[in-house]
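Single chain ahead, written as structure tokens, the form predicted alone.
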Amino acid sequence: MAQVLPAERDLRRVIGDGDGVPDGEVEGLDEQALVDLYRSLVLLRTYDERSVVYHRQGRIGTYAIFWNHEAMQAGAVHALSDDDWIFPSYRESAIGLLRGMPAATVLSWWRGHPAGWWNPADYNVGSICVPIATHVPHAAGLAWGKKLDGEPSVAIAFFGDGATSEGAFHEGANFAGVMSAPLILLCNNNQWAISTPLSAQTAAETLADKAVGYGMPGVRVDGADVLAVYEAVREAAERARAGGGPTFVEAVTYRCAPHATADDPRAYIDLERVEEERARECVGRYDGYLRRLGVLDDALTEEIRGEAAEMLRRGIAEAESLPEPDPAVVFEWAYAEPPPALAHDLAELRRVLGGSLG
């Protein structure tokens, strides 16, 4: 069970520090499940680190970094069933990998290639949402629809602390509360909405306090503790399936990397805090936990890291081997009955591009 720390407004943790703070455990996770969770963490970490390199090499576009946010993503996904739905924001762009999505698909999304879009029903993963909080009502609506159909599925929406300042978040959360929809609202509170600190976003003492206004429980967990996230999301999913309605989970961490590759956070970030948080980042913390349990060693670690690195190598090679897309795709899906002017616009685009595409 998680340890609840009243001094930090009931922040829940499971993983200790190997010294003065003892480790807890989560009921129902055997050794294989614990290792599988580690495998997902490493896969996400490898994807994120390689994507930064690919961006610097000009092989993908501007990229939203999620270093040290992997525990929220892996912990939550492992707590769900395959029938449950995931609605990611741009910070969770690679979460589909945990549902079997090819790395080339996600990398193609960052390359702006049509192959980077998928049928959400193939993985029960919605499209990556770039506008802030607009996917929260979508998740609430799907969850309500599943309830009306008598299905036991749960939906989870991932969003940052800045999203709680948006109207779309309020509308989705309020709708879910009123309809008792089986929805989990997972807030990645990394203390920053790009360069705006949490203190300038809300007067609420915690973001979890906002849940009261929507008639749902609010839970706070250590966002760098994958087991605490897993336990909180599993409990929220069980509650939702039992007809208890939505839950707000505030996963508290601190952003240790730029908002995106186009950002220089040195102008606003607390650099000392960054170094403190990097020393207790989520993959290393869980690595230490598993080693203290005796279920992880150097050989297994290298095997898992090697598998993840090879997946990314194959993924970027596959993404870069795709043929150039026909620019007509930009126009084909905009209107049921395209206006005549679009034909002229497409012809002009082909001329600008040299007439060699499509």
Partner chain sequence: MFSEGRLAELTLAEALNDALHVELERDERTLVMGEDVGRAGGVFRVTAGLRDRFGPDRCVDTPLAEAGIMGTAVGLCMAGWRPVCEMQYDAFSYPGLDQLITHVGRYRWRTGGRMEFPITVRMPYGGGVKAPELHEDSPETYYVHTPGVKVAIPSTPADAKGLLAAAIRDPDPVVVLEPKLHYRTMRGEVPEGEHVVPLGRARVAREGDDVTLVAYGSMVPLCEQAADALAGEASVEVLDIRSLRPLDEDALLASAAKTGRVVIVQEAPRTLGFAAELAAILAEKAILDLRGPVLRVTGYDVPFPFWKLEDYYLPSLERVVDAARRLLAF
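What we label the rigid core is the largest C-alpha set whose atoms superpose within 1.5 Å from one form to the other. Numbering follows the first chain given and starts at 1. As the structure is a prediction and not an experimental result, all values here were calculated from the model.
Same protein, other form: the form predicted in complex with the partner chain, not shown, and the subject of what follows.
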- [ ] May I ask you to state whether Pro339 is within 4.5 Å of the partner chain in the predicted bound form, using heavy atom distances?
- [x] yes
Open item on the list: Taking any heavy atom pair closer than or equal to 4.5 Å as contact, tell me whether Tyr268 reaches the partner chain in the predicted bound form.
Closed with: no
Open item on the list: Is Leu80 part of the interface with the partner chain in the predicted bound form - any heavy atom within 4.5 Å?
Closed with: no
Open item on the list: Check Val274 for me: does it contact the partner chain in the predicted bound form (non-hydrogen atoms, 4.5 angstroms)?
Closed with: no
Task: Listed residue (Ala140, Cys282, Val229, Cys187) with a non-hydrogen atom within 4.5 angstroms of the partner chain in the predicted bound form - done: Ala140
- [ ] Note which of His259, Arg111, Lys146, Arg234 lies within 4.5 Å of the partner chain in the predicted bound form, where distance is taken over heavy atoms; exactly one does.
- [x] Lys146
Open item on the list: So if I measure heavy atom distances to the partner chain in the predicted bound form, which of the stretches 115 to 123, 96 to 104, 187 to 195, 208 to 216 falls within 4.5 Å?
Closed with: 115 to 123
- [ ] Check each residue of 168 to 185 against the partner chain in the predicted bound form and list those with a heavy atom within 4.5 Å, in sequence order.
- [x] Glu171, Asn174, Phe175, Val178, Met179
- [ ] Would you say whether Glu27 is displaced between this form and the one not shown, judging by a C-alpha shift of 2 Å or more on the superposed rigid core?
- [x] no
TODO: Please say whether, between this form and the one not shown, the C-alpha of Asp17 moves by 2 Å or more once the core is aligned.
DONE: no
Open item on the list: Once you overlay the rigid core, does the Cα of Glu332 travel 2 Å or further between this form and the one not shown?
Closed with: yes
TODO: Please say whether the CA atoms of Glu348 and Gly58 come closer or move farther apart in the predicted bound form, knowing the change relative to this form is 3 Å or more.
DONE: farther
